[in-house]
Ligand code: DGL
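Single chain ahead, written as structure tokens, the form predicted on its own.
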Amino acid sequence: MQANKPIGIFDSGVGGLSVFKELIKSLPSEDVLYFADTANCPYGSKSNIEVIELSKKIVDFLINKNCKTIIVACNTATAAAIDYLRSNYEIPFIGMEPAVKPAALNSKSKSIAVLATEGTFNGRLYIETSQKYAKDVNLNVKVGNRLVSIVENDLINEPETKKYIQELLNPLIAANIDHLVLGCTHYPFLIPVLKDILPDNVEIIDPALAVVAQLKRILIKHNLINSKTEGQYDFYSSGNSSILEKMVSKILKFDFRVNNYSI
């Protein structure tokens, strides 16, 4: 592996851009290749076998593009496929894990919540983490069935979206939560709506910062930090790229192009 190779990021759609945004702030010298599997989005309701097969195809593509490490910027794909990927490929993988630990340790009300997909809640990482760190708190879980589609279809600011999220959050507010863990990379794009609804004392935890910190540790450990001054970014989509283009344009202030690649 060489330090000047790009970092790969993939997600079922645009959600992983919440990680990409933090990555380019923390590691501005790194080249990044982002893959959005919009043709097969969402992953949340797919079987583990389906998600593993999709992840394999994307990883093969990213490795063929000479990626030195890969962020699985999708909680569902991490839950279903990260063990397989680490066992079958030689490069380092960084996955997403719902930040139950910091929420549980810092909760004053001893009541926290995790908002995620069904696939994430069924994954080994979430189960092991919640059993280990959430024994002494009231752990409320909520499946955000429509939230990925809301983000992917650019419906974040629609009145119907706020109404739906209000209905999702009402039982959590009634449970006196003081931390809400976002267990899907699409969900940080909904933070303004979440803040409008949640009480002021509820802390929203976005795991992107922790993921980028772990990436940085791995790059340093393997001597893979890119020494150039400015990174370059490439974007690929397996389906409709319009929402990806719109979301990226809010992050980057220069011209870019989304390439199409079917898996």
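Bear in mind that the values here come from a model prediction, so they are computed numbers and not experimental data. Note that residue numbering follows the sequence shown and begins at 1.
This protein has a second form, the form predicted in complex with ligand DGL, left out of what is shown; the following refers to that one.
Cys41 is the sole member of Ala208, Cys41, Leu54, Leu62 with a non-hydrogen atom lying within 4.5 angstroms of ligand DGL in the predicted bound form. For the candidate set Val148, Leu180, Leu85, Leu190, a heavy atom within 4.5 Å of ligand DGL in the predicted bound form is found for exactly one residue, namely Val148. Residues with any non-hydrogen atom within 4.5 angstroms of ligand DGL in the predicted bound form fall in just one of 105-113, 124-132, 169-177, 70-78: 70-78. Taking ligand DGL as positioned in the predicted bound form, none of the residues of 45-60 brings a heavy atom within 4.5 Å of it.
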